[in-house]
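First, one chain by itself: the form predicted on its own, in structure tokens.
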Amino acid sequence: MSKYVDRPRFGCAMAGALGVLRAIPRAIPIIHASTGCGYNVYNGTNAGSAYLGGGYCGATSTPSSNIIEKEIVFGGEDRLEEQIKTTLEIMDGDLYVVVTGCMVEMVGDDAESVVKEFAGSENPPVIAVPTPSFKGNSYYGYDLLLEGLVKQYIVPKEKKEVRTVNILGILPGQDVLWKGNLKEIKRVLQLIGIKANTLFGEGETLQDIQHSAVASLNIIVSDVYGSLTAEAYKEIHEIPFIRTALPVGYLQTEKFLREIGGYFKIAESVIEKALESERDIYFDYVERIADIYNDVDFQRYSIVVSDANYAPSVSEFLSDELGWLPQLTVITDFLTEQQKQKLERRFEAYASGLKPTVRFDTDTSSVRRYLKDTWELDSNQRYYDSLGPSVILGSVFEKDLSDEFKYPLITISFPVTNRVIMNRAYVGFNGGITLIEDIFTTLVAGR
């Protein structure tokens, strides 16, 4: 019997694709799926993404074919063609993207053939990206959508800009801090003279995506996600790619800049100058909390429950920058054995010499059992060293765990419904300061 998933921390593939389209100005999604699919996806994504919102052409305004029994029996391609024509008349956009749900894929509707009827017309481009959710979750949908853009929309460029890069691996919506994170990555790369195209970051447009083949390198800030997109860029547009961890805090961001700077053979003096300036600013802020940290003894055990992007980086940050004791890290994504082994290596070289117990599990209910397994239970022995004080960094699904063990909870990853996130970031130099601020705000709340 296959493993079930208790309270999944992601949506379907179509949800991931719609999250990307929500992030691209003037890109109009057209859902070809059963009645109710689009609204259900919006409900889950909006709240779970710390209230992402629908935007100009999202939420209940998203065009949808809303197929019913008739189209299931006789096919829904005519209904899709009608919906595309209507959307082109009503919705003002520069790119129209058909994304498909499970049912139309199961009955064999050919959305790609339908959109070809609109090629070469006076209308803006219309493309189709099959996103059947029985093939994967929202992480997979992110890759499918971008892969589709690479193959069908991005303009080939023979001449590359030497120090221009594209950033992959941060998923709009699924990463609740995506926009702030992309902004900070772009900023830190500028410090060493590298121009970063984040594809759907602050101020970026469809033109940034359309002309992204001018980049000389794709940087995937994820050990797991972005592979389909990067391989498509490499095959079609001859852009190589490298992978890095998601850099959280000063130490990881310094390593990130040195790695990228080394790839482009940027002078060591340039990198050092940039790091010196950021170091002074960063640790000037950190110094502010040194007194209360020591006076009140704010060292904690840490329990991190998050996805493959955040879990390793946040655990390392807590250990090596905050000086906390990493006890347990649970990575909540569906992963291959090879991916698990790669992620486990991220926990091997902490400067502190410590290492948390690392578990891989998609089921929320398992976290409680892992926490109890990592620490001896109180058996009324004369002296008992409790696992505390501790802090949990995870999602709102850890609230029950937080209440049971009386550990404070800081929500850092999907789903986040207990706060609104707009331009916050936990990545880079500024993101590290923000994460420290959020952690210590939680600890001093109510004093």
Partner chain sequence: MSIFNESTEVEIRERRLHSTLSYHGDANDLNEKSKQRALSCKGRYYGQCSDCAEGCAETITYHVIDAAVVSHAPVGCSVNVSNHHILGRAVSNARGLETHKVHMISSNIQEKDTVYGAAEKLRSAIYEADKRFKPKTIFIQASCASGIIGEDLESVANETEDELGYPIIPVYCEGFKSRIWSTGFDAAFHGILRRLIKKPKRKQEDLVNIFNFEGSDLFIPFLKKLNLRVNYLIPLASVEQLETITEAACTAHICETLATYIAAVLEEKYGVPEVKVPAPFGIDWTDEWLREIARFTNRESLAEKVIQEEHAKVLPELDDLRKKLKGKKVYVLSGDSFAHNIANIVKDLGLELAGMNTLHHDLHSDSPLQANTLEALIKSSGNIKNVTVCNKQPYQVLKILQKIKPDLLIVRHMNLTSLGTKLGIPTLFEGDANYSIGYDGVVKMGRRFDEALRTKKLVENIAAHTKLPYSDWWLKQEDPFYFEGGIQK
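Residue numbers count along the first chain shown, from 1. What you see is a predicted model, and the numbers here were worked out from it, not measured in a lab.
There is also a form predicted in complex with its partner chain; it is not shown, and the following applies to it.
*Asks:* Which is the contacting stretch out of 284-292, 210-218, 246-254, 127-135, given heavy atoms within 4.5 Å of its partner chain in the model of the complex?
*Replies:* It is 127-135 that comes within 4.5 Å of the partner.
*Asks:* Work out which of L387, A59, I410, I421 lies within 4.5 Å of its partner chain in the model of the complex, going by heavy atoms.
*Replies:* Among L387, A59, I410, I421, a heavy atom within 4.5 Å of its partner chain in the model of the complex occurs only for A59.
*Asks:* Of the residues Y350, F334, F241, F298, which one places a heavy atom within 4.5 Å of its partner chain in the model of the complex?
*Replies:* Looking at Y350, F334, F241, F298 one by one, just F334 meets the 4.5 Å heavy-atom criterion.
*Asks:* Quick check: do M106, D363 and F397 each get a heavy atom within 4.5 Å of its partner chain in the model of the complex?
*Replies:* So, yes: the whole triplet contacts its partner chain.
*Asks:* Does its partner chain get within 4.5 angstroms of any non-hydrogen atom of E122 in the model of the complex?
*Replies:* No.
*Asks:* Given that its partner chain is not shown alongside this chain, does G11 nevertheless sit within 4.5 Å of it in the model of the complex, heavy atom to heavy atom?
*Replies:* Answer yes; at least one heavy atom of G11 falls within 4.5 Å of its partner chain in the model of the complex.
*Asks:* Even though the partner isn't displayed, in the model of the complex is V444 close enough to its partner chain, meaning a heavy atom within 4.5 Å?
*Replies:* Answer no; every heavy atom of V444 is more than 4.5 Å from its partner chain in the model of the complex.
*Asks:* Contact between E158 and its partner chain in the model of the complex at 4.5 Å, heavy atoms?
*Replies:* Contact with its partner chain, no.
*Asks:* Can you tell me which bits of 82-109 touch its partner chain in the model of the complex, meaning any heavy atom within 4.5 Å?
*Replies:* Heavy-atom contacts within 4.5 Å come from E82, Q83, T86, T87, E89, I90, M91, D92, C102, M103, M106, V107.
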